[in-house]
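Heads up, the chain below is alone and in the form predicted on its own; it's given as structure tokens.
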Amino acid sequence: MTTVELKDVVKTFSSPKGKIIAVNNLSFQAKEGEVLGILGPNGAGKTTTLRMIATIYKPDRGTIRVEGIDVLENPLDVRKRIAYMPQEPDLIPFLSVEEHITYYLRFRGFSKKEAEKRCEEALRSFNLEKHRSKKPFQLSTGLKRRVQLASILSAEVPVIFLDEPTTGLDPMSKRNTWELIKDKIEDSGATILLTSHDLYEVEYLADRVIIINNGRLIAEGTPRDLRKRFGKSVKVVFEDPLIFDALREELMDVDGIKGIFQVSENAVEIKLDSLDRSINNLVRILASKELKIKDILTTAANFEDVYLEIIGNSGGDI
């Protein structure tokens, strides 16, 4: 079942230099129970897109639906179905951890009894019991983020926005937060829209990823699929040192070769369109040049390499 759907959405803003197109005919879907990672460089249109889904901004054109409800026609009904975790911890200064979670749940419409019950469950699930009486100034950044997550995920809404959920956390706290998010998501069945500049975080948490640049969708798929499509490269090791510039000039004219980089005096890394077709062309060309090949190794691109390549190919700033 599709929980969030955007179709041909456009959003512009006025500026002293004229109209700025922040979102340009953007279409995508997020399914029930799915964690959808939304990636892109600064200024790509990610935040504008999330704010339109959350009914903060109105799209100029196109349609946005949350659980089938149009955000323009019934914004209040949409707001009942979403929860948003901002980048910066925004806990109420004079409320304790326990009071904050209970207050949030009461604000979401739960009865006092149900809010208190859910609060106790959240304190246990997120290992916050010993911090229940502390005020925000007594909490580390990691604990503040955990209180935010405990509040939002306890409300059991269909759609949750997580905007940079582990910003400012140390590696151990970050990993613990990932595990908490993953466990609660699996239990709740909510649709999660995740934005993050931490590509390892996105790869770990997201079922599927969309990449936006200049307001347009430029790639989508699972992290694994994107690595297969965009992360094709081989390392070629030669018997003898090579003249790199001459080899590079020769190989860049070969069909299927997207880039070549020297990694040592006798080895190069070559980015390819297709491992099967392009490797055959590559070996044929190298053999014709009487270059003695010692070894050919396929290299597994990490998700960060793939992301940078996609953005670079789209003409975006990295």
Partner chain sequence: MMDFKSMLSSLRVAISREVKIGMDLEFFLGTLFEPLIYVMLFGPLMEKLIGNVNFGGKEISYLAFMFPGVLTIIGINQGFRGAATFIQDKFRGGLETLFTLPVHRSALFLAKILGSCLRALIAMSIITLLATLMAKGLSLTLLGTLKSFLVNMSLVVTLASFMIYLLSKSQNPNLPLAISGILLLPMMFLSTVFYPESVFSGSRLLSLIVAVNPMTHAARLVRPFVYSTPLSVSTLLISTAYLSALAFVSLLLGAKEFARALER
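We call the rigid core whatever largest set of C-alpha positions still superposes within 1.5 Å between the two forms. Everything numeric in this text was worked out from a predicted model, so none of it was measured. Numbering follows the first chain given and starts at 1.
The same protein also has a form predicted together with the partner chain, omitted here; what follows describes it.
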Checking Gly168, Pro241, Pro86, Gly189 against the partner chain in the predicted bound form, the residue with a non-hydrogen atom inside 4.5 angstroms turns out to be Pro86
In the predicted bound form, the residue from Arg106, Arg124, Arg224, His197 with a non-hydrogen atom within 4.5 Å of the partner chain is Arg106
Among 170 to 178, 77 to 85, 232 to 240, 210 to 218, the stretch whose residues bring a heavy atom within 4.5 Å of the partner chain in the predicted bound form is 77 to 85
Item to check | in the predicted bound form, Tyr57 touching the partner chain (heavy atom, 4.5 Å) | outcome: yes
query = Does the partner chain come within 4.5 Å of any heavy atom of Ala246 in the predicted bound form?
reply = no
(message) Contact with the partner chain in the predicted bound form for Phe137, defined as at least one heavy atom pair within 4.5 Å: yes or no?
(response) no
message: Since only the chain is shown here, I'm wondering whether Arg51 would be in contact with the partner chain in the predicted bound form (any heavy atom pair within 4.5 Å).
response: yes
When the partner chain is considered in the predicted bound form, the residues of 1 to 32 having a heavy atom within 4.5 Å of it are Lys11, Phe13
Q.
Taking the rigid core as the reference frame, tell me whether Lys58 has a CA displacement of 2 angstroms or more between the shown form and the other one.
A. yes
With the core lined up, does the C-alpha of Ala44 move 2 Å or more between the shown form and the other one?
-> yes
